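This document starts with two versions of one protein chain, written out as structure tokens and named structure 1 and structure 2.
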Structure 1
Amino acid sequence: MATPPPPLRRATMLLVAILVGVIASTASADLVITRADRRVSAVDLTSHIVRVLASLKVRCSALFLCFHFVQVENVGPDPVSQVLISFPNIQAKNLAAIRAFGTEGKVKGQSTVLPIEVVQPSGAPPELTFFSALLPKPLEKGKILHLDVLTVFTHSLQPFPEEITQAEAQLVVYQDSAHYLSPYPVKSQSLTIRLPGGRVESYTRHPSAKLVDSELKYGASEDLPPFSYLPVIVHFENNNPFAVAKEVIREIEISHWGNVQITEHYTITHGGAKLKGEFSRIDYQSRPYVRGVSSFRNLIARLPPRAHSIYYRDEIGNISTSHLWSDSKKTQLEIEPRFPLFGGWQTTFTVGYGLQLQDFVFYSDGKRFLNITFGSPMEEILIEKLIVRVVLPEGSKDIEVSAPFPTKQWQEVKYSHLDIVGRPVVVLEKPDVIPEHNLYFQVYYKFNNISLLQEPLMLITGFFLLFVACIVYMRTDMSISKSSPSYLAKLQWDEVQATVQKIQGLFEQCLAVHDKLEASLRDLSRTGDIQSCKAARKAADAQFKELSKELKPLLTYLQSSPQSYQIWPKVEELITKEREMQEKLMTRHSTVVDSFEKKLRGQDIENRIALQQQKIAALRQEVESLLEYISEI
């Protein structure tokens, strides 16, 4: 039979001694506890959470749940508005959550949640921590109140022995008081401890103790004075997985373009008895239920429905041993770390996923708010330090947080994609988070919709600056020497090119006039309107005259420029050809008009102008090829 660890035993002895001395001073005679039943459950704990409620089927073994069914009667003269609940400091240090529900009257009806506060009544012994449950309306004299208190303790199961080999089962020790510790006198009380099955190594003997079917019951004792305490110690086998996360950093990034991205970094250890000796993979794989019965391989996470782009990786890279099932209510992710976790081993990894924006960010009278769960989606895990970072879009103002439990908060700035001033980050930190803490919390902020355009505007200005730089570069003159011959030659060549381009433009205008003439001829053949034809001819004449006038100074400049020796012959050729074409076109035009006036047949007209037509076609082709050649220089 193993003895419990010495320090704890000494502490309990000390506590009992102090309590005995202190009983007289703080007994409050107003309330009497007529009946107190406590149920402690270590069944469902997969880690070190002691959860005391038979109906909760959570598989987490690090939490201890303690459910106190207390019936309180007011025997004093005045109505009482608060009920005190006390715990020894050793236990209160491990208290992660406490909730109270109250129903008045004898029959168990609808219960209301009572707010709980930490109080320090005058004259109270310092080794006890007091909580007070505030009643909605005061309890009258003679009335009875049913009070249900749920408390959750972490780290209350101590592995003993602290180191085991791979083949041994894990044994843990739990300490509690068989008498209900309370500042009021207790008429009758009992304690039931539900064990996970398996063997029970030892438990504190007592005349009323009974171990039946993995349930240990310390029976009803009558008429106990206030602050009575009877320590009991139970040593039993508990092989449920003990997953403890030393630190979890949960980052929630909101983008108003439609996505909430959550990234979680985990550092998970096995918090049970440490592994001593060597780890044999053969033994573990061939007979896992005998060798390595206290280790665990899988972790299950419940993500919200419609989660997408889920990844699971660590510093080495992607971890592929994971499975995903999704339905309309949840997305379930089962992940398997790279190795099974034995006592004292640890692993780190990152899980990330994206969610739809409209499921989590809402709009209410001028402010937007994010409504999302606080804790980790992993089941059955105890988190020793949880840091939640909410990254809001750039330009958010008036940030407020409303959470259902107290947390440490501060603000930071994060620089992410396309940021100028950075995004405001609200950081919430909470120690000792259990799955009961996975409630919704809200972050309120104000965000102008126009600021959403700031990001594409930034991209646009970026590209525009690029173009402006190109323009400026093309226009500035960045040569080093301004009087070298090559520089001057280049300048002159630029001017020649400009002139040639102007000439080109003029020639294209000439060609356009030719086309107009031909169009007028076609109109003539269609409509027979000679007057408009003649008018078109006159207009064409005038335009030709103008163009030749404009052409003259350009040609003189070109002739005089020294750089134009290549182009000049071609340009001259172009001019002569164009002149020929003009003449031919004019003659043809007049011939056709005359023929029409004389009312000759179409065939005659064709005959007369056939030769001219051919020449015109040939000339046109030559002119066009010359123009092409010039433009390519």
Structure 2
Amino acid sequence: MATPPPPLRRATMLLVAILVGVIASTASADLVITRADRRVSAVDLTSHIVRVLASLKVRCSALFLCFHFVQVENVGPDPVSQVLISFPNIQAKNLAAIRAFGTEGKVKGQSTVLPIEVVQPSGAPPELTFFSALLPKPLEKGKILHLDVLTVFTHSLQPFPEEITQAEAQLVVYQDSAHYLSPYPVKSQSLTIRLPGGRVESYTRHPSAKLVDSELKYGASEDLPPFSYLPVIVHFENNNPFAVAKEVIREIEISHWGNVQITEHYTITHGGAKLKGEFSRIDYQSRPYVRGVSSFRNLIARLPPRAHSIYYRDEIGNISTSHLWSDSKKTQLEIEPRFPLFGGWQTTFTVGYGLQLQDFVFYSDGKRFLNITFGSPMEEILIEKLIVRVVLPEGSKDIEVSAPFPTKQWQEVKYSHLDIVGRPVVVLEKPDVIPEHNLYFQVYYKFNNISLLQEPLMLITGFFLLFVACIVYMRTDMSISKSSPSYLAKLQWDEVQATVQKIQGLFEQCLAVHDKLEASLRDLSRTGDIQSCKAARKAADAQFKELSKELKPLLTYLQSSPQSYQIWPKVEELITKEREMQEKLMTRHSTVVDSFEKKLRGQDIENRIALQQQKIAALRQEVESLLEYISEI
């Protein structure tokens, strides 16, 4: 047999030492287990959640416990009202669920659910945890009781080795007792362990141990004292998905317009042996069942039959690698993450879907109530922390919660669109949630149907007020009063701008006259027609006088206006420069005409007017710059 990992070996030695002292303690002398059989369904190791079913047969004068078939005999004179079930503390800390079903009679009939509670019998050893299955009525002497006990454990399969490569299969270790640990003497018992199928590295060998295919059976043991414990360790291959959700937030939002919206946020990790070394996508794609045997790449969610509007996404966006099947009895969603999950790897995603309101919200005794399952629809998933948020419609009151098991509860308020006081939210939190916790729970509340009209009336009122405001705006004169100083100042500024534009137009006409004089000189040099050149000058003089006459009242108004204090200095400078340029242009024109009359050479004419030409060009550039500046203002 392979050596177990150190934590299991130390726990086994500690438990054996404790039980040596426990056996010597006083147990109930009135009860004797005459037979205890743990059969095929007793210990199920095909997944990472360990399930144990105990069936007890109780008889007064013979209280008979069966684990998976236990017979207990009451050898005392008093009736029995409870049956004690014990677990070592190191095992009880991983106990996620325990249920008991009982029926009275020699032949096992239809069972009823029995209440289970934690007890601490007087004189009981503190190293053990005790549960009491309360019988519906005391078991009289000579009567027989059949009792089935289902226990579910988490984190009971430990990867060994704790790290493996991509190509290696996952091996796990399971520890239990070949003897049924009970506070009562056991006359006969047996244990059968169902394994997932692959290879079995090793197991604790006893004379009665027998391994056949995927079943490991420890044969009948006789006349065992109370608290008898015989440790067994099984080291075997288990490549089933070790899907562990670190946290699941499940939000159930009720809308009385006909829909129940479910949104589930998952943070899932592979709880098996961690991946050692590098991951090769090429090897995985070519041989996924060899080079990724310990990983899992999909999860199955069984949704209600009429689920609709189903989506599956993560932080990046929608994930298309999913498949959906539905019929009149069920809706099955197969989820494939973006990458396969190896040991220690983690992924997050969100699943959402809608349900018909009439299938889950009902009315009774003046209250509405939501009747829906508590846990996750995912198959074989362990949720270390589950938070269920039930968002009720705004205006709900007198809220009550009925859950089939203890949960931490509190209330919050959620604000959504068009909410005024917010929607009441009932929050339920529970650790170590397994598929067996996927039971129905109820949330009762009062809700007035008139509250349904609140949001439509808000929308109607809002649009009505908007249209009224638009009508009032369109029919109201929003202009500034004509007697206000700001309005008068705006009018004055508009007049100043109009005057400046007229002045600009007049100066542009002056520049055009300048260009005509320049053109007459060019014609003179080409044709020698002195009379035509003199006529052009005479016409230019007349135009200059006319433009000066038009410019005078404009300048007078501009100078007197208080709004022109910024622009008037530039206009005044423009007038000075233009007049200077006009004088020099006339002087040059007279010089050229006189030179032609005296028949001077062209080079002599150029020498006489060269300096004048430079000044005229400089003045022309200054005038154009001033016009551009005034235009920008």
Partner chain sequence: MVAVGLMLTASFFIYEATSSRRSRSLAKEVITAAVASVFLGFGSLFVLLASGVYV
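Counting starts at 1 and follows the sequence of structure 1. In this text the structure is predicted, and so the values were computed from the model without any measurement. In this text, rigid core is short for the largest set of C-alphas that superpose within 1.5 Å between two forms.
- Each of the two structures shows the same chain on its own, and it is structure 2 that derives from the form predicted alone.
- Positional change of Thr263 between the two structures stays under 2 Å at the C-alpha, relative to the superposed core.
- Once both forms are fitted on their rigid core, the CA atom of Lys367 lies less than 2 Å apart between the two structures.
- Once both forms are overlaid on the rigid core, the distance between the two CA positions of Phe507 between the two structures is 2 angstroms or more.
- Its Cα shifted by 3.6 Å, Phe464 is compared between the two structures on a rigid core fit.
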